[in-house]
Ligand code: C2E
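Shown here is one chain on its own, the form predicted on its own, set out as C-alpha cells.
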C-alpha cells in the first residue's frame, strides 16, 4: 500500500513519515500557506476512506496550527454548497454556523476548544449549510506534533448526527411539553423549579409556586365524556396562559391540576390578585360541542424561601395550601402557613364528629329575618344550620358545611334542615315564608322534588311559603335534567331564589329560562357598596333593574351598617338581610314574634362600615427598641389589633408586631388603657385567601440568617432583631414597659 503524499510549499522541510491511521491525512503545514493532501488512487486504505466519505455518514478533516483547513472530505464541500479547493486555507470555524439557536452550543467556543491543543471528542456543532438547512456534525480530533514536538495542527473526523439530534429534540419535546394542552409537562416543571430554586438560593431571591386544581371537572368528564373533558382542559390551559405573565412558567401536572412558577414575587397582595384573576377566568362558562359547562378553580400558594428552600418542600407547602383552599369551599385561594398542618388534622376530626352530630342532636336550625326595605317588616326567614359541638362550642357553618360537602354528608343534613324548617314554619302564625338552601349536590340527585313534596305534605306548610335558594353553580351542566327539575319544583308551587348572584357564574341566559322569583345579591357586592372607589353600587343598581324587568324580588345579603342600608334603599332593593336588622333567631323567639305580630324591626348598628374585626385569643410578640414582649392579641382587623399584656404604654408608641413566620408589621399605639392597647398598622394587612389576615411581605430567612441565626434554628416568633441600632459592646437597654403574665383571673407583673 502506498502512503499519501503531502505536497509541501516551496522551501519547506520534507514531510515526516506517518504510520497507521495517520497515513490517511497528511498534516504538514508551512508558515505561509497550508499543505495540500493528495490520496493515491491505488491506495487500498485511501479507497476505503473514500467509500466511507462518500457514504455521508462520516468525513475527515485536518487543520494547521492556525486552525486553517488543510484537508476536508468532498462530502463536506458538497453539503455546504462550496468548492472543495475553495475551503482549503479557510478557518475551520467557517464550516459551522456562527449563531446558535435557543438551547444550542454557541460555535464561538470552537476556537477555544482548538486552542487548547489537546484531544477532544463528540463536539456537536451545526453546519453552515446554504439556506440554513438543518445539519449537525459531531467532530473529534487529536493534535499533530512536529519533529521537535511542536504543535502542527489537528487531524480529525466528523459524523452526521442530524437524525439523532432530531430524535433527541422530539423526545425532549414530548417529555417537556404536555401533549394535550401544550403547556410545560410535570417533568419540565420539576426541572425548572429545581433549577430556579437552586439559582435563587445563591442569589437570595424569592420565587412563588401556585398549585391550581379545577373544581367540578370530574362532573363534566363523567357526564359529557373524556373527549369533552380533554377539550375543556385545552380551553382552561389557554385561559391560564392568557392571565399569567409571559415570563412565568405554566404547566400541567396531569389530570385537572396545573402549576405556575412565579419568579421574584413575594408580595402576597400581588399573588392574591393573580390567584383571583386565575379563579375568575377559569370560572367563566365554556362551550363544549354546543353544551355550556361551568367549572371553577382553587389555588394554593407557597413562596420560597419562607415556605421551603428545596423544590419538594415548596411543592408540599403549595399542595397543602391548595388542599386548604378546597376545604374552605373551593373557588378561592390560600397561602401556605405552618398552621395548615394543624388545620388539616382539625378538619379530619371535624369530619369524624360531624358524622354523628345529627344523631346526637347537636344540629339545629336558626332563622335570620328577611325584612322589607320600605316597611321594616319581616317578610320571611332564612333557615341556617347551627352545630353546637360538645367540646368546641358553636362551629361556624363556613367550617362544617364544606366538610359536609366533601364527606358526602350534605344530602342527609340538607334533607333534615328542609323537613325541620317546614315543620317550624308551619307552626308560625301568619304568612311569613321560610327560605332553605339547596346545595348543588342535592339539586343533582334524583328524588329532590319528591323529598320537597314529602316535607310539605308532612308539615302541612303551604307551598308558596317555602322558598328554595339555589346557587348559580347548578347550571354548570345545564341541560334537560336541570330544566325538568325547575319545572317540577314550580309545579309544586314553591318559590325559587337565585342565591349568591354575581359570584362568578352569572348569565342572563338562565335568568331568562329558569323560573326564579327572587335574586339574592351576594354580600361581597353589598358590604363595601357605601364606600368610594368601587363599582359595587352601580352593579347592584344594574341587578335591581334587571330583576324589576323580569318581575323578580331582590334581597341584599350582609347589610350591617346604616349607611349601607340607606344606599340599598336608594337603589330600590326590595328586601334586606343582615345584622343591621337582626342576627339569626331560634324557633321559639320567632314563634313568639309571630304570635304577638311583632314583625317590625328598627334598623340599628354602626353608621359607617369599619374593617372587620376577628375575635382571637393568640400569643404574639411586640418589639420595642431592643426588647421583645409576649402579649395576647384579642382581636385583629386589616387596619389594627387589640393587645393585652403591657402596662401603661403611652399613646403614639411604636411597636413592631411579630405574627411569626417572618410576618412583621409596624404599628402605633392609638388607644391605651391599663394593660390593653389598640394598635394601628402603618401598612394594612391583606386577606390570606380565607377568613384570616396576613402581612403583604415577610422578612426573608436570608436576612434573619445574616443577623446571625442559622436557617434551621428559626423558631416561629423568635427572630433576632436586624439593624436595631444597639451597640452590642454596650449591651441592651432596660425594658421600658412592665409585662403582665397569666390569664384574666390570675395575673402577675413581670
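Owing to the predicted nature of the structure, the values given are computational and were not obtained by experimental measurement. Residue numbers count along the first chain shown, from 1.
What follows is about the form predicted together with the named molecule, which we do not show.
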query	finding
Per-stretch contact check against the named molecule in the model of the complex, the hit in 209 to 217, 135 to 143, 552 to 560, 275 to 283 (non-hydrogen atom, 4.5 angstroms)	552 to 560
Distance check, residue 397 to the named molecule in the model of the complex, heavy atom within 4.5 Å	yes
Contact of residue 578 with the named molecule in the model of the complex (heavy atom, 4.5 Å)	yes
Contact flag, residue 587 vs the named molecule in the model of the complex, heavy atom cut 4.5 Å	no
The named molecule contact at residue 386 in the model of the complex, heavy atom, 4.5 Å	yes
Joint contact, 368, 417 and 438 to the named molecule in the model of the complex, by non-hydrogen atom at 4.5 Å	yes
Contact residue in the model of the complex, chosen from 424, 661, 472, 382 - any heavy atom within 4.5 Å of the named molecule	382
Residue among 337, 73, 442, 327 with a heavy atom within 4.5 Å of the named molecule in the model of the complex	442
